[in-house]
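First, one chain by itself: the form predicted on its own, in structure tokens.
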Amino acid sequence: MKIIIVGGGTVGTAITSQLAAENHNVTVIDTELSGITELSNICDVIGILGNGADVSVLKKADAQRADLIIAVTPSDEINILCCAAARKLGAKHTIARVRNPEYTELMNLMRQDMNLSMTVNPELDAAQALYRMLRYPSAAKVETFYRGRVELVEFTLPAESPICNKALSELRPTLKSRFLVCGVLRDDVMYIPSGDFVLKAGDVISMTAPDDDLTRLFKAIGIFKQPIRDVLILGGGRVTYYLETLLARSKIGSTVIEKNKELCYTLTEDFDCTVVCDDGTKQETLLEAGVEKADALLSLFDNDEQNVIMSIYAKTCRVPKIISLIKELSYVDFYKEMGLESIISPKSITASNILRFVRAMTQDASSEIESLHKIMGGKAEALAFIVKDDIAGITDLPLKELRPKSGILIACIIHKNKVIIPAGDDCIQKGDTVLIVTAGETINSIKDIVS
């Protein structure tokens, strides 16, 4: 597909690298020559210097024949104008990044009138991911499917866990829960495991289970953490604002430390939370705010290094759950080696959402991508498909007779609102939602899971 990306910042770079890797024809527009040059060299894409809201620049990028325009500049207004102009020129689809909370309701009302195919909000996406991680503190990462009925969780297996040195085939009778191990990351190598795969201490495990089985499963595995009731948040920016709207519906109390007085006033006016107007990097401020008694600490500063340092400090205070906001993913593996287990990346989440939309544009009518998540440090994908038609060689065939491609696992089937953790005699049927985990293979349609 011919895709134009307006904005070569952190989000634009993440999107560009993923779409270029899937062999799309990508053009990047940006006002900074250095960013365009770097992207052109790394990703082998066309770079154009200019303002994406300028019609002459859009014409130079051949927007009139584009399949998709993605506007992700730092300015919401430029993104909206760019998409509106591109549609007038003839672009088939447009996606705009709109981050300002004040625009959220407006965009929901006017998206169709403005001919926007999709809007993305990295800070809102990050807040939703944070909220899921607070709901399940035992997991380092949580992705939800089928309206929250199915959870895909990641965690590091501790040496004292009773499932260490056990083959996967031994686990179901022992744990007495419905679950499926979808992937194992060991020594930076990703495995889609079979029944004879033996788990080892230090493995990063991706596991799917129904929502109502997770707590029992965590207890049986030996990684259960008490529910979070009190969270300390460092930084009062947009991610925190969106997160507070979610926390307001829960039983989780929060204290926010933010030194910008204007942000503090906004939070105190809009939410029932405790706000400390001070520097969240100061030890005395943290101690006075109760860091040693907090159930969780979220370091959500705009600076990655600050978030890493404050997360390490929280570990010395023995805070049970620590989540770090990291924008630059180059050092994520290094940060994890330092003991930062739960890391959230707004640009990565947004790039995955856009990738799902692009894949949906190229698929056939037999299935529809409902959601797509990068998991296991980006080494695998979890995709939920709605099966819209009968498909020869896939539907109404026992899974034990199905021959999926190497590196592909059918992780879950939702049939008539019933969550099925599949076994050999289960079948995929028309109307089902199917969760697929894949390592290395690009999947655009449910048909792609078989050779």
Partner chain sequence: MNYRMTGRLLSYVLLLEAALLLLPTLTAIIMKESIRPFVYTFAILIAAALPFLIIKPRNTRIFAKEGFVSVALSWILLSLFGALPFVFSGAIPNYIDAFFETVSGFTTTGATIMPDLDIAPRSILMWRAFTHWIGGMGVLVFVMALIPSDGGRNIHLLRAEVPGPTKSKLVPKLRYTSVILYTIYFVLTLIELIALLIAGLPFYDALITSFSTAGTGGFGVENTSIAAYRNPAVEWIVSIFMLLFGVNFNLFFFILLGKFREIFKNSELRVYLILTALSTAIITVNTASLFSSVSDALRTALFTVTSTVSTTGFVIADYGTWPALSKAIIIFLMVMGASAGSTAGGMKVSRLMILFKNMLRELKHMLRPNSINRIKLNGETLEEETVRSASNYLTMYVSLFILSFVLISVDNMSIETNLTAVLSCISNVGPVMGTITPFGNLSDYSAFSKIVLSLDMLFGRLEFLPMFILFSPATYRKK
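Numbering follows the first chain given and starts at 1. As the structure is a prediction and not an experimental result, all values here were calculated from the model.
Just so it is clear, the following notes concern the form predicted together with its partner chain, a form of the same protein that is not shown.
Using a 4.5 Å heavy atom cutoff, none of T362, L397 and K405 lies near its partner chain in the model of the complex. The listed set A384, L409, L58, V26 contains one residue whose heavy atoms approach its partner chain in the model of the complex to within 4.5 Å, identified as V26.
Listed stretches are 384-392, 412-420, 43-51, 397-405; the contact stretch with its partner chain in the model of the complex is 43-51, by a heavy atom cutoff of 4.5 Å. Interface residue remark: A20 is counted as part of the site for its partner chain in the model of the complex, having a heavy atom within 4.5 Å.
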